[in-house]
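Starting off, we have a lone chain in the form predicted on its own, written out as structure tokens.
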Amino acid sequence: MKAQEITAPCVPLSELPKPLDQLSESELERKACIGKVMTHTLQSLTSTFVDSGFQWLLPVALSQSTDPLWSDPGASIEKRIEIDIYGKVVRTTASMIIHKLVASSLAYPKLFILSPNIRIEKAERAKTGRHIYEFSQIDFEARDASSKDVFSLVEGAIVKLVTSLQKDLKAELEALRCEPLKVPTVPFKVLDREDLEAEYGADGWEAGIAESIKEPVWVTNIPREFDDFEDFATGKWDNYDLFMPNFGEILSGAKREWEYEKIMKKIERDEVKKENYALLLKLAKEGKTKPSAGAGIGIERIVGWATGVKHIAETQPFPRVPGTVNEL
């Protein structure tokens, strides 16, 4: 299929998720089923990380430093929330990548955080079915880990999750999904973003693979934020997204930059405000940052994939649909 033939999924405005008080009895029953899958998913994933030696840390809501979200800020983000507290400007957390880099380097070699994120998406993104303006991630990081280490960990976690969902929540899955949820085959296939662009086009490859794949796939080598590892000699990026069939991306991650000279060069190249990352730069210059790799698993997205919802805000008790503000 050629790029011009591929369109992103579009959820009609009439089918966007509604607040609890506007749901019918049958819709409330469906919501309760999704809630059971959400609970099971959180229990399964967090136990996988704890059993794998990861320490469970608490999230941060306000910080001077948070993910710059390059290279997609203009396309997706309506505004960034900044407030003044104690004479300092802080931002709501968009991602805890910077916190993970510092924490894994200094004190917690293997860590994960059930992290709330606020990204005020443009209203038109409501129709994609994949965007909400508040969401949660299992954000994890491991010192001295490689991309292959992350692949192995995540693949095992997903196989465990689906296997247990099939066993313990069979009735709920049958009520929610049109087709059975299948245990994926491991290892997942790995594709290069450059090859996908050649096949589907620069703007069509994400929708293209979501429509064409039958099993989960990793996509690597995606130009992105300064903290993702980039090989200057080859121009390749050591990072990855995980795509699910008929759904799309549910995880984004990377091996991290940790050397001062490279981080500084990329910040200057990408015109990122250095003052927002002063502590990271200081630690890197002092040689205190360490190599690591990690990712963020979108909780609403993985539950949305498992339950087969049309819009991931359906997985939320209080939907955060772009362009819509409800009382609760």
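In this text the structure is predicted, and so the values were computed from the model without any measurement. Residue numbers here begin at 1 and follow the sequence given.
Below, we refer to the form predicted together with a small molecule, which is not included among the displayed structures.
With the partner omitted from this view, the residue of Ala284, Val37, Ala295, Ile267 that lies near the small molecule in the predicted complex is Ala295 [heavy atom within 4.5 Å]. Though the partner is left out of this view, Asn221 does not reach within 4.5 Å of the small molecule in the predicted complex, counting heavy atoms only. Among heavy atoms of Gly253, some come within 4.5 Å of the small molecule in the predicted complex.
When the small molecule is considered in the predicted complex, Ser95 lines it closely, a heavy atom lying within 4.5 Å. Looking at Arg193, you'd find every heavy atom of it more than 4.5 angstroms from the small molecule in the predicted complex. Against the small molecule in the predicted complex, the set Ser63, Arg80 and His99 makes no contact: no member has a heavy atom within 4.5 Å. In plain terms, the part of the chain that comes close to the small molecule in the predicted complex, with a heavy atom within 4.5 Å, is 253 to 261 out of 185 to 193, 207 to 215, 154 to 162, 253 to 261.
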